[in-house]
Structure formats: C-alpha cells, structure tokens
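Shown here is one chain on its own, the form predicted on its own, set out as structure tokens.
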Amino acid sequence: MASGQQWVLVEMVQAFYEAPAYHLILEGILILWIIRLLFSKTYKLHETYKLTEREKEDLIEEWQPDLLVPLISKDHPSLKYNIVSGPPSHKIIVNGKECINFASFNFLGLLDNERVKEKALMSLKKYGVGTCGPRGFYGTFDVHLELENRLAKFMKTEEAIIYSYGFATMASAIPAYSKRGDMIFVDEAACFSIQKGLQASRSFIKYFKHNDMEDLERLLKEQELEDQKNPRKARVTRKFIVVEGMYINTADICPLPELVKLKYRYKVRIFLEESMSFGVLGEHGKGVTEHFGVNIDDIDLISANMENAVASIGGFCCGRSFVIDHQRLSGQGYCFSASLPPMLAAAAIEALNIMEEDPGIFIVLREKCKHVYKALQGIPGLKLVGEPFAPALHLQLEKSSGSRSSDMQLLRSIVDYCLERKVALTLAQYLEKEERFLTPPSIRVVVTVKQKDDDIQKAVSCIREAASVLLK
C-alpha cells in the first residue's frame, strides 16, 4: 500500500517537470488569486464624517419628500362634475336643467318604477337604512336569502350569491377559485372589474385577441403542449376562460357556442360576466346563454351586477351549489363588506317580478336598440361601434387626431354641446394608466325602454349637428 502511494507521488512530480511553462504560470496565478480572495476583506471601511447638530437641522429643513401623487390641475375634466338632482330616469335634471337621459344604464326603466319604489320603501321602514355588518356577522337578512333564491330560480341554476357592490362581484369571484400557479385565458376587451380580479388571483394570465377563437385555440394548444411536458404539474393546474357576455367596452357579444366547444375540447372552465347582457338578451332576459340557446350548466360560473337592468345596487353569481358555496368562504367582497341594504334587495326582487310578469319588455328594449342603432348610422366624423341589439353603443372618432387627449377633448365638446341642448350623453371613462388594453375614446349612448321616438330623433339630430359644427 505504501509503495503504491510513493509511486503516485513520483508520477505527480514527474508530471510537474514535464508540464509546459505557460501551464505552470497560469496555475500559479490562479492559486495566488484564490489565496487573495480567501484572506481579503469583503468590504472597505470608509472614513466617516460626523455631522454637527446644526448641519443635521439644515439638511432636515432642506429635504423635500416626493409627492404621493402627481399634481392635478383644478381644471381637470374629471374634477368637474355634472350635478344630478332627482331620479336619473327617462328625464334627468343635470345642473338644474331637465334633459332626455341617454347616459344612465336604466335599460328596463325600472329605476323610477312605482312598484319597485313602494317595495323599497316598505323594506326601509321594516329594516332601516343599512346592515352595518358582513353576511357572516349578523349581516344576513331574510330578504337577502329570498333574493338569492329568486335569482337562482330566474337563471335556472342551483344556487346564487349576492354582493353589495357590483364591481366587487367578478373582482372577488375570480380570485376565489383561481390561485397562484393557475392559468387564465381572457379576452383583451375584458372590463376593469375582471382585470382587478385577475390581479388579485396572482395567476398566469394569457390574453387572446377580442372574440378571436382561433387565437384562443392557439393559446390553448400551446398550453396543452406545455402540460404534456410536465403532466404532474398539469394535474394540479386549474385553467379558466374569462369572458363577458356583452362587452361594455365594445358593445358586442362573445361567441359563446364556440367557447363551450373549446371548453370541452381542452378541459377548461368558463367564467361569464353578464352585467350588460343580464335583463337584456334572450326571450326572458336571462342573458347570453338564453340568446344562443346554450345550456346554462355548460357555464361554470355566471356573474352580473344588479345596477343596470335591475336598477338596484350590488351583483350576484350563480351556478352549481358547490361552486357558489365556496364564495361564501372565499369571496372577499362577500366576506368583508357590509351586506346589501335590505331596501335594495327588496327593490331587486320586485324588479325580477316585473321581468317575469312582462317578458315583452325585452322585445321592446331590443326594438329600441335597433331603432337607435339605425338612426346613429352615417354621422359625419363619427363611427358607430356595437351590435344592433346592444343597449349601450359607442361613438368613436372616424379619424383620430393622433393624440388621445385631443380626441377626448373633441368628444367631450360634443357631449357638452348636446347637454346645452338638453340631451344627456356620457363620455366613456377609463383609468388610462391601469387598463391592460385601452380602447379608443368614445361617447356612450345608452338606450332604455322609456325613450320615445321623438326623444331618439332629437338626440340623434343633436349629435349630428354637434359633429358637423365641431368636427370640421
């Protein structure tokens, strides 16, 4: 054993003498560098200078903190409000002037309905103004349970859950199911409440082009290939498609039948936001599922607010019981917000009664929408965006000036021109720095069943006149 070790040592010495000179020099430099690194200090002590008390005081006086937010001019358009006095029904009093209302989302005209107001007043006298507590802490009233049962029955689903704030409904529902590591495929035109829900979920987000099913399928195929590479991860990754029934930013509807086919082909879940289509589309106002004749059980979760057609406040989700019950434990807006005031729940119940008793109201709304859509065609300088049956259409500039702020100013001048002539319109507003895909500026024209032919003619003539005067 000892002779073997001696032989190895002899070979090492012999190799040392036979090695090229440059090789030995390089090894020597490397050894010295390693020794230097081992024994050198990782930092150097810099000479410190002690400030006097006077110098400290001077520095403190000179220091100016950064602004919490950028300064905004008092003349900024968003800080100038049009003051409404009275109910925003068919006629609306804006800045003391009575106008025809083409701005409020009172699609079915129920906001000022006598039956709805009477039920709300009776509830106000019985329960008081608010609830002062979330649903889990003495905030669940019998009228809430009744409204949830009525919504589930109306939509023909197993169960429904109500929220006290429409925006928070989808923003709470998405992160209740989709978590970090899950995958969400979402339309580029998705509304802001969906975008906030996506952020809160911390999931992987993939956007597909608006209503482009080929682009969506391309993304789904890419994900399928990724799943095949890592099947173990794929088994625990949930995948969702999130769309709107009728898009508030584009006034068109999603191709739901094609989405359902992709759902089963690629094994994903569908979340459907129906705030603009609930109480609007379908023979009985049940939304885009009824419009297309799609089985509602094919949709994993349906969400809508009650602030448009129902003319109340809050929102709801509906679907299978085990899906909805999960939100009662995980829906942030449900668990941590004071529950819906009982008088608004009572108003929503009465609105559902009217919708069930008079399904002809949806036919009237669709005819009004078609009338307005046809009348708004061909206005010089303006482009109409939306479907003929959409109750909230968009008028965009035919040719952009190249500056978003200039385009906004031009459209705002048209809105102001019409307001001076007693026609109330609204400019579509967006949080420009936070929107994922910012749509072009537009004037929003809202249709309701209460608008008469003369009102529509006056509004269209006013818009046409404003465009000819201001868009030269």
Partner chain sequence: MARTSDADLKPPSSQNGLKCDDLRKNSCHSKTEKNGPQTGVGSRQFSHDTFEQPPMYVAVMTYLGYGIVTLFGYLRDVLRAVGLEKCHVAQEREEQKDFTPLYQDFENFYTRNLYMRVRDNWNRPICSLPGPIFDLMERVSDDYNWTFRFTGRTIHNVINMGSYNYLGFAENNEDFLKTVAEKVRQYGAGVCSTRQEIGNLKIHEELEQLVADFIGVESSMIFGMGFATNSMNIPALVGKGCLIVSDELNHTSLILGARLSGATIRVFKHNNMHSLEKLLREAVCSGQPRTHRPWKKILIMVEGIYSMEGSVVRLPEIIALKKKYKAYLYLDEAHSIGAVGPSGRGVTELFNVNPADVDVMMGTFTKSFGAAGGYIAGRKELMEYLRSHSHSAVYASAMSPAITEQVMRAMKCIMGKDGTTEGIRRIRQLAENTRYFRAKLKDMGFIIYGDDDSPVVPVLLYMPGKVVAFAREMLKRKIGVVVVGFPATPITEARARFCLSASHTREMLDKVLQQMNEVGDLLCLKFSRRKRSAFPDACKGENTEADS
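Numbering follows the first chain given and starts at 1. In this text, all values refer to a predicted model and were calculated from it rather than measured experimentally.
Only in words, not in the display: the form predicted together with its partner chain, which the text now covers.
Visitor: Using 4.5 Å between non-hydrogen atoms, is residue 51 touching its partner chain in the predicted complex?
Guide: Yes.
Visitor: Answer yes if any heavy atom of residue 206 is within 4.5 Å of a heavy atom of its partner chain in the predicted complex; otherwise answer no.
Guide: Although its partner chain is absent here, residue 206 would stay clear of it in the predicted complex, with no heavy atoms inside 4.5 Å.
Visitor: Can you check whether residue 33 is within 4.5 Å of its partner chain in the predicted complex, heavy atom basis?
Guide: Heavy-atom contact with its partner chain at 4.5 Å: absent for residue 33.
Visitor: Could you tell me if residue 398 has a non-hydrogen atom within 4.5 Å of its partner chain in the predicted complex?
Guide: Because no heavy atom of residue 398 falls inside 4.5 Å of its partner chain in the predicted complex, the answer is no.
Visitor: Can you pick out, from 155, 365, 243, 311, the residue that has a heavy atom within 4.5 Å of its partner chain in the predicted complex?
Guide: Exactly one listed residue reaches within 4.5 Å, namely 311.
Visitor: Counting non-hydrogen atoms within 4.5 angstroms of its partner chain in the predicted complex, say which of 142, 98, 224, 356 makes the cut.
Guide: None of the other options qualify; the answer is 142.
Visitor: Within 4.5 Å of its partner chain in the predicted complex, counting heavy atoms only, one of 365-373, 379-387, 277-285, 338-346 shows up; tell me which.
Guide: Among the candidates, contact is made by 338-346.
Visitor: Relative to its partner chain in the predicted complex, which residues of 256-282 have a heavy atom no more than 4.5 Å away?
Guide: Sequence-ordered list: 263, 264, 267, 268, 269.
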